[in-house]
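This document opens with one chain alone, in structure tokens, the form predicted alone.
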């Protein structure tokens, strides 16, 4: 595999990138297929427990509150490297940290921290219809990562304008969770549907723009995960193109195949730049833009990777079909590209 051009970063980010890449290669790569095809709760928890050594189970929680205290870009760096080997685990970590984010921003007492052995991965029930009336939670959330097997759920009541959040234990009365029967991709993040009828919240959290912070974290994190998927597609496709022949010459010698590979490389360079730039802004629009662009690039990179592999691209043995499924899920959550475009226009019109 040709080495990617050096991406200039401060030393602290380079060290974190190397550590996350080592974790992904040593822990996730050997079991990537199992995490996709058989993502049992014990297997996912074991993988996430190893990620705790990088501070990834409370990455966005400030150090003074017992968390990892990573800034947005550091978190994205780690997610990208993890996603190179297993994007589902990266999204599980993202959803878990997004579920803890309201607690990091607001005021609360006694909230599960998410660091203990039995308290991860936490589920973020967003987006969906959530109401808090007379101290009880009613909710319909058709899709949420980490829903299956989570210990607790964080919800942001729709009518609260993002200033209040609640946590509900998954075993509380009135809570029902239905696991996604056959997830398209990102299966280690164990998605499912949630329903709550008069559920008792375990905590109320207030203060800060929680909805805005959660949305921004999701868009930034998924844009970084998308870059990891592009890198994996490039790595697999490049290696295959240098080993196999078509029409009497090596695949990589065909101009169209080289264009596919060059597009993937451009996607990595553009994606990293967009993610870093959007992390430097506190506004939502740059994060949404990075998400739209990077996830579209990831879907295209996976599709082109399948074409380079020919018929083998659709076989599980080569891993490209998994990248197609993972990339498409990244593009569909937490909203569709069309809805995101309308959201950008709304942001522009309201100033």
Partner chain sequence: MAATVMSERGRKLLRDFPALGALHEHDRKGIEGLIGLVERAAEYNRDVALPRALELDERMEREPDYFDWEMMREACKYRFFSLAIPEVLGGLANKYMVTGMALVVEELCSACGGIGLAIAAHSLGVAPLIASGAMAHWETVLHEIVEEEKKGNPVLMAYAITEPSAGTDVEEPEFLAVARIGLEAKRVKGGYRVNGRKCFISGGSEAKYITMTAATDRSRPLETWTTFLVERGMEGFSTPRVELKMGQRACHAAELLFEDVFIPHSHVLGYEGDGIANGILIIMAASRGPVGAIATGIARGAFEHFLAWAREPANGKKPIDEDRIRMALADMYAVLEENRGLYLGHSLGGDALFRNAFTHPLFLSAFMIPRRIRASKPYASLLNSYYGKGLVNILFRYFIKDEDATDMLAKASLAKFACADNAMALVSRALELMGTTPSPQRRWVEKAYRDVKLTQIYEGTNQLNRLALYNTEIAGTLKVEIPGPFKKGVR
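None of the values given here were measured: they were computed from a predicted structure. Positions refer to the first chain, counted from 1.
There is another form of this protein, the form predicted in complex with its partner chain, and it is not shown here; the text below is about that form.
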Exactly one of 132, 257, 177, 122 comes within 4.5 Å of its partner chain in the model of the complex through a heavy atom, and that residue is 257
Heavy atom within 4.5 Å of its partner chain in the model of the complex, from candidates 293, 50, 325, 43, belongs to 325
- prompt: Taking 37, 143 and 336 as the candidate spot, are all three within 4.5 angstroms of its partner chain in the model of the complex by heavy atoms?
  reply: yes
query: Taking 4.5 angstroms as the cut-off for heavy atoms, does residue 329 touch its partner chain in the model of the complex?
result: yes
Item to complete: Answer with yes or no whether residue 262 is in contact with its partner chain in the model of the complex, where contact means some heavy atom within 4.5 Å.
Response: no
Exercise. Verify the contact flag for residue 62: yes if a non-hydrogen atom of it lies within 4.5 Å of a non-hydrogen atom of its partner chain in the model of the complex, no if not.
Key: no
Under a 4.5 Å heavy atom criterion, is residue 29 part of the interface with its partner chain in the model of the complex?
no
Assert contact_stretch over 80 to 88, 268 to 276, 217 to 225, 249 to 257 against its partner chain in the model of the complex, heavy atom within 4.5 Å, equals 249 to 257
Near its partner chain in the model of the complex, with a heavy atom at 4.5 Å or closer, the residues from 294 to 330 are 299, 303, 306, 307, 310, 311, 312, 314, 315, 316, 317, 321, 324, 325, 328, 329
